[in-house]
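Only one chain is shown below, in structure tokens, and it's the form predicted alone.
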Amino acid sequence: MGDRPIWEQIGSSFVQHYYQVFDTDRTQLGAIYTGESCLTWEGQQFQGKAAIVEKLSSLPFTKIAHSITAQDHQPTPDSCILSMVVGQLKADEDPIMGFHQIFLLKNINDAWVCTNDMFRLALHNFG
């Protein structure tokens, strides 16, 4: 882990933490967002910690498990970290589905928080 750039270490740790909390108790995800954070979930826009947690808490499944296939992290010119995640999820008894998620992480008061979060299921309409 010491050979990887610091932004990869931070991004990877964030991703591991995010999905662990999401899979066990997504109502606790508010700690990683700020009052100005933005979430786009399947095209729907939400802004602020309360609105984001309300959306994530109201998703229509009881249990979920994420499996990360790949993740990439980049530093930004303004000292943030851009993270892209590709993986699969299994919600309740639904079939396994692919997903993509992007996070923009910013260090505020010595804590890394998510200022921007975009999520899409990897569904394709070829009709």
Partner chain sequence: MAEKPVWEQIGTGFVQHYYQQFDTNRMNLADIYTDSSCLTWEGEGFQGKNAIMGKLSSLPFKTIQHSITAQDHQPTPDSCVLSMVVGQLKADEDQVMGFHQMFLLKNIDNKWICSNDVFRLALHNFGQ
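The model shown is predicted, which means the values in this text are computed figures rather than measured ones. Numbering follows the first chain given and starts at 1.
There is another form of this protein, the form predicted in complex with its partner chain, and it is not shown here; the text below is about that form.
- For the chain shown alone, Gly30 is not a contact residue for its partner chain in the predicted bound form, no non-hydrogen atom being within 4.5 angstroms.
- Mapping the unseen interface onto this chain, Ser13 falls outside it, with no heavy atom inside 4.5 Å of its partner chain in the predicted bound form.
- At least one heavy atom of Phe119 is located within 4.5 Å of its partner chain in the predicted bound form.
- In the predicted bound form, Glu93 stays away from its partner chain, with no heavy atom inside 4.5 Å.
- Although its partner chain is not shown here, in the predicted bound form the stretch 69-93 places heavy atoms of Thr69, Ala70, Gln71, Asp72, Gln74, Pro75, Thr76, Pro77, Asp78, Cys80, Leu82, Ser83, Met84, Val85, Val86, Gly87, Gln88 within 4.5 Å of it, in sequence order.
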